[in-house]
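First comes one chain, alone, set out as structure tokens in the form predicted on its own.
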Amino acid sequence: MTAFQALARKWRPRSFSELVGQEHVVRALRNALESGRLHHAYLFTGTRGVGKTTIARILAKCFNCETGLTAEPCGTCAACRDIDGGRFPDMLEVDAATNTKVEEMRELLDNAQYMPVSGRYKVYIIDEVHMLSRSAFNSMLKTLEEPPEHVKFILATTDPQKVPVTVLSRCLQFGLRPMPRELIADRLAHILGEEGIPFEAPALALLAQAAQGSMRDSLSLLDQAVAFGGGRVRAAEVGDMLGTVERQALLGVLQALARQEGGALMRLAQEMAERGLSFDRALQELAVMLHDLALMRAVPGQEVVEDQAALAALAPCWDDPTLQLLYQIAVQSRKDLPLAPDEGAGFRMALLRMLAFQPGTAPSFPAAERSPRADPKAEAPAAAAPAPAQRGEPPADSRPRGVPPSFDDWPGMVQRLSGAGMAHELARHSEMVRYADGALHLLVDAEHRHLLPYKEKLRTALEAMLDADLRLAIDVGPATGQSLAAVEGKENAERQRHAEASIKNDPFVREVTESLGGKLVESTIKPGNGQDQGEHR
């Protein structure tokens, strides 16, 4: 029975032609080997699993292949086979994380002066070199700067910031990049095809995303997925294994946000918690979808990777600033998850923040898509008592036919729009000119014309409140003081005058000012909030 070998080891590239990605590094090394311009020390940097040690071993084979110094080692000679098997006597691979002491480094370098046993060069591969102590770094500086002709150093690290600049300056540096998702998925598909393992393409996309740019991590996850699926790699099983949140569930979250349905958001969050899904991944994928929405709005016709039609339907629900805000909430909430009482609470608070900070009311969905909770008619009980009249509003039976409720009292209607964000501010500073045949005409002073971009939000907010279609036109011109803001300003000014008069005529205040020479600072007088108009602060 053949011993099982992990896919990450079995499919480790053994030549530059088998290496996937990192073309910028491979090209430089190939050219150097073909021209014979060999440096004595190389430093490979990059995140885990991107090929640092793999390239180091391939480079060691290029130095010592029996066919000669070449960019394409044969892979069949004794030197190539021994290097692949980790038993080549002239290649020393050291893990700096467990060999940090200066004594160990000195012992290693003492052997550098001796000629190779069987190869062309002695190759020292030092992995995670940033873990060496400062004394160990100092002990290798001289050898690293002027090594014997038969010695090559290949250093690898995930954290080059911790490597002393004196070492960095003596090395030829190559930065390895994280692997693109598409490249990882293609590589996984190739390996599964060679192994004869059935798979679904969406499952490989999930594995590539979870690997976060690491080819080694993707192969380890692939091994796990094959075992989890009983010899098959299916998207549903990979999603369960990774705790991935289906995009359909997140589309439901975005739709509930668009309708401003807090109850639906909490139900979706509870369903995710019951299924044991990762809330960190949910916020990550939600940020990706918000990014796609912003991209579709900024670049019309732009195609995204998944759910093009569903996202296109959601794109008109928010303006560009709101999408940017929702994206920032999703990104920042991932950082807050470890500080939350638990991940579920942190995720729910993120959704509530998105709900709370949406300026304005989202456009209504078609009747077939709106849930009963979003329907104003469904929310009101059939036998509910009529709402009290606002600001002297006449009874409903005295309104002319065809005039929507409260349009004959525009300031009173604007008060009912509270909570609609900047659309509400536009309404507060607007005066009603006329309403006829479903068309509402408003007037706004030039001082507040900066609020005009929120005209469409105001229209949708009014339609949602009235449950009726509406055309809205807003002109800029001299106001007559009939807007809600102007009316409230007059009322506030009158209350201020009343408060100042009450304070000035108060017997105690008059005695203090007249007898004791006190001075009344009028700017400190504010109208009280109590029922008693004589109460001031």
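All residue numbers are counted from 1 along the displayed sequence. These figures come from a predicted structure and were not determined experimentally.
We do not show the form predicted in complex with a small molecule, though everything after this point is about it.
Proximity to the small molecule in the predicted complex, defined as a heavy atom within 4.5 Å, singles out one entry of 259, 234, 187, 353, which is 187.
Think of it this way: in the predicted complex, the small molecule has a heavy atom of just one of 154, 219, 91, 329 within 4.5 Å, and the residue is 219. Though the partner is left out of this view, residue 52 does reach within 4.5 Å of the small molecule in the predicted complex, counting heavy atoms only.
Of the heavy atoms in residue 67, none are within 4.5 Å of the small molecule in the predicted complex. Within 4.5 Å of any heavy atom of the small molecule in the predicted complex lies no heavy atom of residue 27.
Using a 4.5 angstroms threshold between heavy atoms, residue 158 counts as touching the small molecule in the predicted complex. This chain is displayed without the small molecule, yet in the predicted complex the stretch 209-217 from 319-327, 337-345, 452-460, 209-217 comes within 4.5 Å of it by heavy atoms.
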